[in-house]
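Quick heads-up: the structure tokens below are two forms of one chain, split into structure 1 and structure 2.
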Structure 1
Amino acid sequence: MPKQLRSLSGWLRPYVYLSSNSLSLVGVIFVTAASVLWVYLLPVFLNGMAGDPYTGILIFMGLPSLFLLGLIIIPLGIIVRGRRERRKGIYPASFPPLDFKNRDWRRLLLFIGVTTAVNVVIGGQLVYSGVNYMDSVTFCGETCHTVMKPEYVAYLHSPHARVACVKCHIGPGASWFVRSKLSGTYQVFATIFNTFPRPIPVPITNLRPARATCEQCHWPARFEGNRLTIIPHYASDETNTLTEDVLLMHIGGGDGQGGIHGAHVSPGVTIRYGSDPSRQKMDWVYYTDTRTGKKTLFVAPGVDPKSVDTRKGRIMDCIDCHNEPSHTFHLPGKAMDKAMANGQISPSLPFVKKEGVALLEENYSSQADAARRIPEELSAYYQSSNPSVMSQQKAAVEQAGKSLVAIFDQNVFPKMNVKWGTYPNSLSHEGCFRCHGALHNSSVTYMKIPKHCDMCHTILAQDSKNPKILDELQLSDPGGSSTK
């Protein structure tokens, strides 16, 4: 053995002897467990796979703390044993060399070997199932159930019900994963200490640009030209008179198809805007198209074009229109129109639209409170105003009561302060008219961002009873597949 190693071994001998105590051995278990788990989690972490704050806590805080704790208690055990043996006078005067005849050395090596092996086996299983679970929608939606409940419930009823939350909220790649972990870790603390804001404020400013997430599955070049949308409305009168709006939405696409997507997200087009933090009040919009060389600055009334720095501002992307793509919350009238068109609430019940909306808009202290009072009050209403309904259509009244509770439960979350209209949907006139018709060309004041009625859609019928166009298309059933 070279001289230096021999002196190192001489120096180590007392520690090897003293480390054979239960406290230090627990420390060894901690250190090996933390190291092995960390090695397992690292690739998951680098691949950007796990999508929840708890992995962040585990990787950034849990494992390093365990490791450090191990590192602290190993020498602590050694010190305690050394002191005790010195006090009792049984501290050995010399120590056996570190070879396989040395019992303490053998035991220590064996112990480290066995704990590592055990950790490799158990840790592998744990990490595998843990990561799968934590990536799941159940985890995102239910583990922090109060916080995420509004979005989770709305999500289950959306066209994205089979797209995992992490697909939009984190997307592929490591760097956004790291960012989301850092904010996720903070969010877990906010949840534990109950300091998270209610409702969760929008817009989410650190959300990954939507084009990197949405375009995993939808990309503008693939969009269709037009889409038929039928929107039923039931009036607040006795017979709940049905009228329909029929629109041909000019979806458009990226490859020179124009239309809605062509105008905002096709290759070459960049729209930047400056607004208030809520993104509701636009100050200016700068439109550039590298294919045509067109560059136009639009400003809100009163905004001086010279004060605008067009290199700043947010680049418009999918979520400036699709801000609630997966968790859309509806207003009572619209939610009832849908339920009535689907037959969940029978339009044959007199005044059910008017009464239903009124019941939905009342104040309830909790969802349980609503679930109890809404059906009771609906029955009481018919009992007092129109008893024949209760005798002839009792089942329909009960079914309507249940459906109203379901509508309430999908849209109002008293615990999170989510009320009717807390999260407005920008895929609407209000959303489009933040810019269209509101801002004008900075050099030609009377030229506004256009707003003529057939630009975004062709109106095939408006407020129409039995629209002729639906007869021609043989689509007269309001619950038909393309109904909104």
Structure 2
Amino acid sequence: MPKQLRSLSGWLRPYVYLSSNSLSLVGVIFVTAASVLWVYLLPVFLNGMAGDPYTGILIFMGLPSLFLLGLIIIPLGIIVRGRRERRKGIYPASFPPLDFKNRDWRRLLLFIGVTTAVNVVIGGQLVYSGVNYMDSVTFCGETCHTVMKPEYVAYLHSPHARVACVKCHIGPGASWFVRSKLSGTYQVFATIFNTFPRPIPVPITNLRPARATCEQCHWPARFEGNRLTIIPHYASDETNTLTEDVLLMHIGGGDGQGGIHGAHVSPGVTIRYGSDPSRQKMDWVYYTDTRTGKKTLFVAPGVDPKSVDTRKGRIMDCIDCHNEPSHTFHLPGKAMDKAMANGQISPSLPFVKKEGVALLEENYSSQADAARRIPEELSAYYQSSNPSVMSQQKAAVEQAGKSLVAIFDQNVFPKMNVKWGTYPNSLSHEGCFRCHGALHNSSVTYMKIPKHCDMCHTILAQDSKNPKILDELQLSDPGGSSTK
């Protein structure tokens, strides 16, 4: 043991001597400064919040980087000084002895022990806070402001606006956490060097399976039954005539209880398919039901059933229909219908639906350009075509202009080349008809995947001005249904 201590002492002597150098001193200054700032900002670190994304970058990323840089520079200075003195031939042949009788050596050991413990606490807390901040909605949505603005704005107006981005994009577990951080590193460099695509493509190929994310909160096997849905439509005529569709959606679910969920995600049912990269054009669908033993292959016209390998392809899950649960982009007509039904745009303004849609569909160089031109052109339209509207309903016209700008700002982003319809929503007839009515049974060519209306919903009223069913349910107000 004494021999081992002497060996350890001999090994440490050069490092004690070499630690006195300017580079290591700079590292000590960095670590000290970061530690002092950490103490000062400790409430912010414990809270995990910052006033804005740029402050958050400085606090949760810049400060940990400064701290870790200092810890790296300290031993680097020792190495650099040792190599420099060896090269110049001034490296000492021997060093003062190090033993516990030496008071200075005892003090140095105490200093190293205390600072190491403190550095572990501070460093661990800084790294944890930095990683935690990178998982925050603020960092995901606002740090790369231009790049992620379309997705972030859509997220803020979605039903999942209080669900953190990482809950869906990463989910629980270490492997997907590491994978996301590696992917994020590439995205950081793409942002720095301005090489990111415009628009940002939907990450359908690298999203975690919905069963590991969506189904942490939602339970597809649960029986939902039927759901009343009211869809308002405003015509492009002078009075913006209101008609409504009233549907009873057959959500279904459960174990063989039918409905939309029951047919697609009921226990025992597996649907595997092949498609183009966007998943908007289906080549084949293979349906199996372990409860009944039924197996059916459906193929698109021109696809040879013998060329289909049913062991491959993608297994259908939630996001094949709910492909925009948190980033929904609306078309101008539907967006206006919703705004008019909610009272954000007054239906009493003549031709407001027609003119509003026309203004929304114009080409604008930027959102600022749209924010300036839309209200101006709407006011100019009424001033020239119907001056009495401007004199009697000026406030309603101004409010309509603001609401049109809000619709545009939520759905169109010229800087990112996001236009009307850039991101299609599969939770629609177009989404259903990718398979239903398009693909036929590989054994019976005239038998297609059915697309009867009543399979998914019962129509209680269609294009009706005053649906009787809504009077009976006391829902005659177009804004009266939470499912609209």
Ligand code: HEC
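The first residue in the sequence of structure 1 is number 1, and each one after it adds one. Quick caveat: nothing in here was measured; it's all calculated off a predicted structure. The term rigid core refers to the most C-alpha atoms you can superpose between the two forms while keeping them within 1.5 Å.
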Check your understanding: Which depiction, structure 1 or structure 2, is to be taken as the form predicted in complex with the named molecule?
Key -> 1
Practice item. Note yes or no: does the Cα of Gly77 move by 2 Å or more between the two structures after the core is superposed? Key: yes
Review point. Superposing on the rigid core, is the CA of Asn119 displaced by 2 Å or more between the two structures?
Key: yes
Review point. Taking the rigid core as reference, does the Cα of Arg87 move 2 Å or more between the two structures?
Key: yes
